[in-house]
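Below you will find one chain, with nothing else, as structure tokens; this is the form predicted on its own, and questions on how it binds or moves follow later.
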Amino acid sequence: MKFLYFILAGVLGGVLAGMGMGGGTLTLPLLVLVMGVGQLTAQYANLIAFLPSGTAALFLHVKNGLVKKDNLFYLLLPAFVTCSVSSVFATQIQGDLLKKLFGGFLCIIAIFSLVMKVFTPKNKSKQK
């Protein structure tokens, strides 16, 4: 029966990933806090789940002309290096510290999102 909770977590994470919001933002806390999975194991599972969803999303965005290819190399190279270094870092620290760092990261993202929502002027279209 527990496998149904894992399926539900995957579906919820997939919905967020499909919307471009990052499925791990929901999947990781669900796995760790609700289902008792270790932080590192949850991160591995999230990375594995990201491969097909990220590939599908990239394919659709390229197909719809939403990917600007001009400076793509300058984005991908530092992202790849940072991801590799961060992965090694994550395997070297304890799960409790990793939980706290990820929780802090989520709080920063939430605050940033709130600030952007409050202080970004709304685009008012003129009525005819």
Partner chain sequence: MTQTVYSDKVIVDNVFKYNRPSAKSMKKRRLFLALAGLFIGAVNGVFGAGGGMLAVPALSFIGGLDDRGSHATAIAVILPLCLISTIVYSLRSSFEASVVLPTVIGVFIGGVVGALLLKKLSGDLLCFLFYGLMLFAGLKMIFS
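We call the rigid core the largest set of C-alpha positions that still match within 1.5 Å between the two forms. Numbering follows the first chain given and starts at 1. Note that the structure is a prediction, hence the values are computed from the model and not measured.
FYI, the form predicted in complex with its partner chain isn't displayed, but the following is about it.
- Proximity of G95 to its partner chain in the predicted bound form: non-hydrogen atoms within 4.5 Å are absent; the residue sits far from the partner.
- Using a 4.5 angstroms threshold between heavy atoms, K63 stays clear of its partner chain in the predicted bound form.
- Shown without its partner, the chain has L66, V67, K68, D70, N71, L72, Y74, L75, L76, P78, A79, F80, T82, C83, S84, S86, S87, V88, F89, A90 in segment 64-90 as residues with a non-hydrogen atom within 4.5 angstroms of its partner chain in the predicted bound form.
- Comparing the forms between the shown form and the other one on their rigid core, the Cα displacement of K100 stays under 2 Å.
- Residue displacement note: N64 has its CA displaced by at least 2 Å between the shown form and the other one (rigid core superposed).
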